[in-house]
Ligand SMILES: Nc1ncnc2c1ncn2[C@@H]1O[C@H](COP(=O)(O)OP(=O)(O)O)[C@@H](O)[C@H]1O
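Encoded as C-alpha cells, the following chain is the form predicted alone, with no partner shown.
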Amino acid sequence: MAEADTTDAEPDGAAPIVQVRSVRVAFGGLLALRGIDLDVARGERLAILGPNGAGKTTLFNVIAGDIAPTGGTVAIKGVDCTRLPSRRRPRLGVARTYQKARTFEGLSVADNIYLALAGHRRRHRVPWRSAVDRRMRAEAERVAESVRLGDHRGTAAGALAHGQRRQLELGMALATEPEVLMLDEPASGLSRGEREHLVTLLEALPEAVTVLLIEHDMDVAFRIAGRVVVMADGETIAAGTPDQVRGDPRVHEIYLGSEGGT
C-alpha cells in the first residue's frame, strides 16, 4: 500500500495540531487504552500524568507512530497518520524522546546532534567538509551548549552520565526544529540544577512549538504545562489547568496521593 503524502501541513489556525479520536490499544486481553480523545492546540504545553499502567507511554507511542492503535485515529497537522510508521512522523514536524535515552553510544555528543540535523535535512555525510557541513557542525555545537553539554561535545555518548544522556537526547530532538516536541520523562535522572535548566530551556522555546510532556516530577510538569491531562486505567479521568488538577479529589486519590510513574 502506498504511504500517505505527509508533506502538506495544516495551515496555522484553530484546528488542533494533534488530534486523537477514540484510540484503543489492546495487548492480548489487556486493554491499555480505552477510547482516548485528545485535542492539542498549536503551541500548547500539555502534560500527561497518571500512575503506573495508566497508559501514558502507550498513548505517546501511538501519537509518535511506534505502535498502531487497535482502533481509532490519529491526525497531525490535519494529516491522518494512524497507520503511518514512526519514521514518517518527523516529516510532520514531530520529534520524540523516550524514557530510556536512545543515542549512538560510540559517537560523540556533537556527532549525535549532527546526525540528527543531517537526518532532518535529508543530507548524507560526504568525505569532505562542505560549507553546509561546516555550518551544521557549528549548529550542532550550539545545540550542545544549549543543553549544557558544550564541555562534553567530544565525549562519546556511552561515556556520559545518565542525566547527561537525557540532555543529549533532548538536544537531538531540538536540533530537528520540531513543531511537536514529545518528551517522555525528560527530567528523569537530572539533578536539581539540571531540572531547573530544563524548565528554563523549555520555557524559552518558541511559542509555535507544541510540547507534549510525560513527567514524574510534578513540579517540572506543572511549571511547564498550561494544561494537564490525568490518565488512569487507559482512560482520561481529569483535565484542566495545573491548579484545577491539583484541586481535583479524583487526582489526589489515584495519583497525587500515591507514588506515580508511567
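Since the structure is predicted, the reported quantities are computational estimates derived from the model, not experimental observations. In this text, residue numbers run from 1 along the sequence as written.
Unshown form predicted in complex with the ligand; subsequent notes refer to it.
Contact annotation for G55: at least one heavy atom lies within 4.5 Å of the ligand in the predicted complex. Although the partner is absent from this view, A204 stays clear of the ligand in the predicted complex, with no non-hydrogen atom inside 4.5 angstroms. Using a 4.5 Å cutoff between non-hydrogen atoms, P51 counts as a contact of the ligand in the predicted complex. Among heavy atoms of L38, none comes within 4.5 Å of the ligand in the predicted complex. Heavy atoms within 4.5 Å of the ligand in the predicted complex map, among the stretches 23 to 31, 193 to 201, 217 to 225, 39 to 47, onto 23 to 31 alone. The listed set Q99, S86, T155, S146 contains one residue whose heavy atoms approach the ligand in the predicted complex to within 4.5 Å, identified as Q99.
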